[in-house]
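Just the one chain here, laid out as C-alpha cells, in the form predicted on its own.
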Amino acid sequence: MSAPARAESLARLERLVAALRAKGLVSEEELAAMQARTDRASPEIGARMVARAWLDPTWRALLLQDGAAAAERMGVSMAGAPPLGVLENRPGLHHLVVCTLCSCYPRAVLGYPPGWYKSFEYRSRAVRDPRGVLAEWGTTLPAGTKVRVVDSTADYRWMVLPMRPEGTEGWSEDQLAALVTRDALVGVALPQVPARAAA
C-alpha cells in the first residue's frame, strides 16, 4: 500500500472511530481493551493450543469441535471474532490456509498476519499451485499426501493442527509448543525437531 493510500485509510479509520464515540456506541475503555487484546495476541497462543492437543485427547476433541471455545478455555477472549475452525493434518492429508479475498486471519490466536499472507501472489498461487507454494517454503510432504486448500473468510477463520513430530515422546507442553511456528499454523511449514534434540 502506498504512503498516500495508507494515510487515507488511517484518516478514514479515525473518522469512523470518532463517529462511533460520538454516538456512544464505543467507549475509550472498550477501545483500549480491544487494542490491548490485539497486542497480546501472537502465534505462541496457537502453538500452545496445538501442543496441548498433542498431549490431551479431550482437549484435542474440543479444539477440533469448537476452536473458539478452546481458545476461551485458555483465557483468550474471542468476543467479536468470527468462529475459529481447526483443520487436523493427518497421514495422507495436509491443510493450507489462505484468504483469497484479502487477509482474513485468526488474529486472536495467531497475532497479526505476516505480509506474505496478505500478498496477492500468495493468495492466488496457494489456490492454483499449493504444492509449488509448499515447495518454495521447503515443505516436502510424503508421496500420496492430498493438499486441501481452505479459504479463511470474514465469517469463519481457520488454523491448522499439524501432526506431532516423531521423536517427541515424553516432551512437555512447553517443549512441544516451541516446535510450532506461525507458518505451521497456516500450513506452509511443518513442525521440526531441532537436530540437537533429535540426536
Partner chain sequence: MSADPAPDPTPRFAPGARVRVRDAWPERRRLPSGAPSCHIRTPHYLRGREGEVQAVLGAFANPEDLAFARPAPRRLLYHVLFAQPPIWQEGGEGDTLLVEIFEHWLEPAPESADASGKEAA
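All of these numbers come straight from a predicted model, not from anything done at the bench. Residue numbers count along the first chain shown, from 1.
One more form of this protein exists, namely the form predicted in complex with its partner chain; it is left out here, but the text below deals with it.
| message | Counting any heavy atom within 4.5 Å as contact, can you tell me which stretch out of 43 to 51, 59 to 67, 170 to 178, 139 to 147 lines its partner chain in the predicted bound form? | response | Of the options given, it is 139 to 147.
| task | Look up in the predicted bound form whether D129 has a non-hydrogen atom within 4.5 angstroms of its partner chain, and give yes or no. | result | Looking in the predicted bound form, residue contacts with its partner chain include D129, since a heavy atom lies within 4.5 Å.
| Is C104 close enough to touch its partner chain in the predicted bound form, meaning at least one heavy atom pair within 4.5 Å? | Although its partner chain is absent here, C104 would touch it in the predicted bound form, with heavy atoms inside 4.5 Å.
| task | Answer for D155 alone: is it within 4.5 Å of its partner chain in the predicted bound form, judged on heavy atom distances? | result | D155: yes, in contact with its partner chain in the predicted bound form.
| request: May I ask you to state whether T100 is within 4.5 Å of its partner chain in the predicted bound form, using heavy atom distances? | output: Yes, T100 lies within 4.5 Å of its partner chain in the predicted bound form.
| request: Heavy atoms within 4.5 Å of its partner chain in the predicted bound form is the criterion; list the residues of 166 to 180 that meet it. | output: Contacts from 166 to 180: none.
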